[in-house]
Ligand SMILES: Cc1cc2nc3c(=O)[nH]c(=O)nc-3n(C[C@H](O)[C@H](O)[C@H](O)COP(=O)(O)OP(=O)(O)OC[C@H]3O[C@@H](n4cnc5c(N)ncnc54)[C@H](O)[C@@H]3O)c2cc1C
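This document opens with one chain alone, in structure tokens, the form predicted on its own.
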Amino acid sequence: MLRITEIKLPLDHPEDALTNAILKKLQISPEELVSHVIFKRSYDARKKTNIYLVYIVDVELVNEQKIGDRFQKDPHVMPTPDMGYHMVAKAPQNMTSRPVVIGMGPSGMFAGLMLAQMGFCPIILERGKAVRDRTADTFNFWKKRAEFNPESNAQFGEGGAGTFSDGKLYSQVKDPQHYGRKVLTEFVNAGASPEIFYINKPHIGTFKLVGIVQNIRAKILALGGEIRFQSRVEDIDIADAQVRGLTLASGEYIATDHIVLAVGHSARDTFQMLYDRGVYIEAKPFSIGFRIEHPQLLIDQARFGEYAGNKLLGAADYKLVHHCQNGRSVYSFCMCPGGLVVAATSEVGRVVTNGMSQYSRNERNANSGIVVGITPDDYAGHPLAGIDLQRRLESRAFELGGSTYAAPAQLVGDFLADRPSSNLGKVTPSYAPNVHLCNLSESLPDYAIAAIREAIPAFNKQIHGFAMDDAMLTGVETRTSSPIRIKRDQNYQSLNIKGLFPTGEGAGYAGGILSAGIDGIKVAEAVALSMNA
């Protein structure tokens, strides 16, 4: 097949326009075109008065070689690459122990799935509950029907933190081997819409993710894998710089010489245990800030003008960055069109926010993290000092919210004027359980407050209305990424512990569902090759 890029068509083009554009580009007759498949569809909205769609298509032709030769020097026509997945190994017949995967978030789930597909019958340990039970616990906490459960929440449980997010499936990681296609393929096989293959910024949404995660679990089990929920790892047995096994909180010991560590960015007790056991860990940059909410209609009109509401465009998103006078950078993070701000803590007595959308993205507000980049220089100390900072900020947010898991919140106009808010405006905050109006300047370090105060008016120049007085800020956003990196070598193993394979967001090697899934596949391959060595 041949791949054609940069086919531009009007937003409201007729059904046959794409076929006609292919025929025109290749200068062929309709009889020479056997079929075509959309590989990618995006839009260009840089001019709100002239928004158009941009297609990449794969075409099958009668005289493919001949036509391809004519376009050898055309950068927009090329052979379609092989994006199929090819197993790197199979489980050896003399396998003496099974690999263990700790964590059932995207990275652990795909590591476990790949190991199962290669015949290694992995044991997957998840400290939280199965996804439906976990969803019930989380929603009941949000709706104030149940107490907070530190082992079953928006961070811990089957599906990982990504289950309560927008379900975004796009990433900026380089992927020359097309691992991302394997991730998308498994999601579609598990029930996701095939549109995630080709729309520019695919997403699934929380409710659909629940069913998809269950179906992937069923596939792992059918392939001989074993999944244990409510099985927190208490300790890892290391002897002579080699993994020997692990101990669960129940006291059970599991012998293994290959452990995939996919614990997510909030497994702070596990990070402490690894540090105490001598696993090499270093501090890394992350970001802190707030969630900001605007009416979704405001964002749609700012981005799409008269095309706001178009079904092909959907709810508008944005991506913003501002470099401040104090040397800090402020940027939008995990933007959720038509979504909700949600409680994402994993520890008692702390408040953390995140964003979430359903597949429909039809809630009244748009929300995004507005966060400030920080580095280990800001929290100098031991490698886990970033976790200490996160905890201090989250505890302070709990206090400012009234110590009831309500989140501290403030209107943007009041925040910019440095005065506490006393009444809500036109934007109704979506955070559950509740918000408590206050002055958010008390919730973050001074340098972060100053940077955000400078950035919001700057963002208003790009999105008119971004600095509207009634927009809502909710604090705090602290789990943008892991504050540590568990460094690994070229074989994906810990730098100093053989048989320990750190992966995903918690280890500092991913940032979202897709990149975590990709990393999980790479680590599964490394484990398979190691067990065949």
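No experiment lies behind these values; they were computed from the predicted model shown. One rule holds for the numbers: they count along the sequence shown, beginning at 1.
Omitted here: the form predicted in complex with this ligand. The next part is about that form.
Interface residue among Gln155, Ser443, Gln410, Thr138 relative to this ligand in the predicted bound form, by the heavy atom within 4.5 Å criterion: Gln155.
Just one of Pro122, Gly401, Gly339, Gly128 comes within 4.5 Å of this ligand in the predicted bound form, counting any heavy atom, and that one is Gly128.
Heavy atoms within 4.5 Å of this ligand in the predicted bound form belong, among the stretches 390-398, 298-306, 231-239, 410-418, to residues of 231-239. Three-residue candidate spot Leu320, Pro429 and Thr474; no residue lies within 4.5 angstroms of this ligand in the predicted bound form by any non-hydrogen atom.
Proximity of His294 to this ligand in the predicted bound form falls outside the 4.5 Å heavy atom cutoff. Contact annotation: Phe187 falls outside 4.5 Å of this ligand in the predicted bound form, judged by heavy atom distances.
In the predicted bound form, none of the heavy atoms of Asn365 sits within 4.5 Å of a heavy atom of this ligand. Taking the partner from elsewhere, Ile513 is found to have a heavy atom lying within 4.5 Å of this ligand in the predicted bound form. For the stretch 264-281, the set of residues having any non-hydrogen atom within 4.5 angstroms of this ligand in the predicted bound form comprises Gly264, His265, Ala267, Thr270, in sequence order.
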